[in-house]
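Only one chain comes next, encoded as structure tokens, the form predicted alone.
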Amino acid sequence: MKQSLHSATLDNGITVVGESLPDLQSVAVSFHAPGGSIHDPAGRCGLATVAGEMCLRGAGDRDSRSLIEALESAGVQWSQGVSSTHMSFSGAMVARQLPDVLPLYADVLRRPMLPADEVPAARQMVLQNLAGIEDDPAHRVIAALRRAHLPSPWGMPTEGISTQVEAIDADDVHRFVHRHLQPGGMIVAVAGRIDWNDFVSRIDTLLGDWQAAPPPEVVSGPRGDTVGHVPHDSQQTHIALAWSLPPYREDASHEATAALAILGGGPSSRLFTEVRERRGLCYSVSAGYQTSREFANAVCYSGTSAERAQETLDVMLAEIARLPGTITSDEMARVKARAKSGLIMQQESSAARAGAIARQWYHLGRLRTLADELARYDQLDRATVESWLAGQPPRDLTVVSLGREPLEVNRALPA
């Protein structure tokens, strides 16, 4: 079956992307405004997250309760979130409800009430989430790794910093929403049982006359130390490592993600087999790929006992160093099968497809068909991945630990 992908750009800069999935009875829509946490001003880390929460506390002529009741009365499975780059509002529903739901989202985007008396409650929700994170050492060590490895403001925590969230007031929220929740650079994605031309017409009617302001500039700062330690009185030690990889928009990202999947992408991976299963050094170990539009990183994590932490780190570094030149055909076959299976199963979810095409447009400025994606994985083999690894050792390794004592980092890897 031929895949039906669409794109259009409104006069005010809003990009609309869509995929028709006529075999589904559902539809999912997502609105991604360029108001992520990288725009948090100095001393207000977490403002984007508070502002995103506030946008659903009343919009248009509906107060907070009425707005949520309207979404849920239409059967919408709604969500809201803030990433480093975007403030997003999404909903999945039975397809026939879409025309009635779109005006609700238009109000959230264009006419949020932002009631001052709701700011303390929104702020408290963010603070409670931060308190939960403080009790999650794995999250804490990854957050510390991001702050050390990524240039500011990219490494700042999306969820905020407690002392700075406490200082956020209604004026901060109003300024942020007015400046960053705007049509310029916004991506609207829809997937499922849709009439594409009708959808674009409705979006143009609801959002087309919304005037865009010049996009805000993001100024990158320096990275942190390459080796760090977060003191934490515990019987456990948590270890996180990062190094740079090609971003998703580069063709080499396929080789990079395949190599990383072999290293730590599941129960058959090198790290899981060697560090956890064979040596019994830890209870958790993994490696994953994180990308922005301009840069990407490998992120490895392990949770272990304080007594075995140094050995765990040493073995992780040894496995990273050992990967080039040792990849097997069986490992490549497993990685390709998992990746291709994930792409195919994604077609069965309207919400997954709406999110995927929005990400594709943001990173690539175009949409890839499923056939294109599968063909790219078909081209991967052991030789192509080994060739990429040979020329791309992890030269900018960052290591952060969280526990009683700092660890020594073996510099056998290229500095």
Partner chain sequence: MPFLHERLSNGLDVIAETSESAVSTSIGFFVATGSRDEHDAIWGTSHFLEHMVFKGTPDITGDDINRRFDAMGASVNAFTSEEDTVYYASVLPEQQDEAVDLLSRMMRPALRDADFETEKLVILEEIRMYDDQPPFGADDRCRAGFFGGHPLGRSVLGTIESIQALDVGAMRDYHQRRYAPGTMVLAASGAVDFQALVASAQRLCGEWAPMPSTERTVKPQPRAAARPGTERIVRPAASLDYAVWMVAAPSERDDDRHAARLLSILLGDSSGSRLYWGLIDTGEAEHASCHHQDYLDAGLFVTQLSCATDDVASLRERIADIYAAATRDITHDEFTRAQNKLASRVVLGGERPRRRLFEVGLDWSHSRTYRSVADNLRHVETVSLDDVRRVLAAWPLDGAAAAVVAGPGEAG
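Residue numbers count along the first chain shown, from 1. None of the values given here were measured: they were computed from a predicted structure. By rigid core we mean the largest C-alpha set that fits within 1.5 Å across both forms.
FYI, the form predicted in complex with its partner chain isn't displayed, but the following is about it.
**Q** Considering only heavy atoms, tell me if Y289 and its partner chain come within 4.5 Å of each other in the predicted bound form.
**A** Y289: no, not in contact with its partner chain in the predicted bound form.
**Q** Although the partner isn't part of this model, could you tell me whether I68 comes within 4.5 Å of its partner chain in the predicted bound form, counting any heavy atom of the residue?
**A** Residue-level check for I68: yes, a contact with its partner chain.
**Q** Please check if E348 has a heavy atom lying within 4.5 Å of any heavy atom of its partner chain in the predicted bound form.
**A** Result yes; E348 sits at the interface with its partner chain in the predicted bound form.
**Q** For F295, is any heavy atom within 4.5 Å of its partner chain in the predicted bound form, or not?
**A** No, F295 is distant from the partner.
**Q** Among the candidate stretches 151 to 159, 194 to 202, 130 to 138, 221 to 229, which one is within 4.5 Å of its partner chain in the predicted bound form when only heavy atoms are counted?
**A** Result for this chain: 130 to 138.
**Q** Does the trio T326, S387 and P406 actually contact its partner chain in the predicted bound form, every residue with a heavy atom within 4.5 Å?
**A** Checked in the predicted bound form: no contact with its partner chain for any of the three.
**Q** Pick from A321, M125, A116, A167: which residue has any heavy atom within 4.5 angstroms of its partner chain in the predicted bound form?
**A** Looking at A321, M125, A116, A167 one by one, just M125 meets the 4.5 Å heavy-atom criterion.
**Q** Check each of H363, R382, R57, R368 and return the one that places a heavy atom within 4.5 angstroms of its partner chain in the predicted bound form.
**A** Going through each option in turn, the one that passes is R57.
**Q** Even though the chain is shown alone, can you say which residues of 204 to 236 have a heavy atom within 4.5 Å of its partner chain in the predicted bound form?
**A** Those in contact are H232, D233, S234, Q235, Q236.
**Q** Once both forms sit on the same rigid core, is the C-alpha displacement of S201 at or above 2 Å between the shown form and the other one?
**A** Superposed on the core, S201 moves its C-alpha less than 2 Å between the shown form and the other one.
**Q** Do you see a C-alpha shift of 2 Å or more at S83 between the shown form and the other one, with the core held fixed?
**A** S83 C-alpha, core-superposed: shift of less than 2 Å.
**Q** Does D135 count as moved between the shown form and the other one, where moved means a C-alpha shift of 2 angstroms or more after fitting the rigid core?
**A** No, shifts by less than 2 Å.
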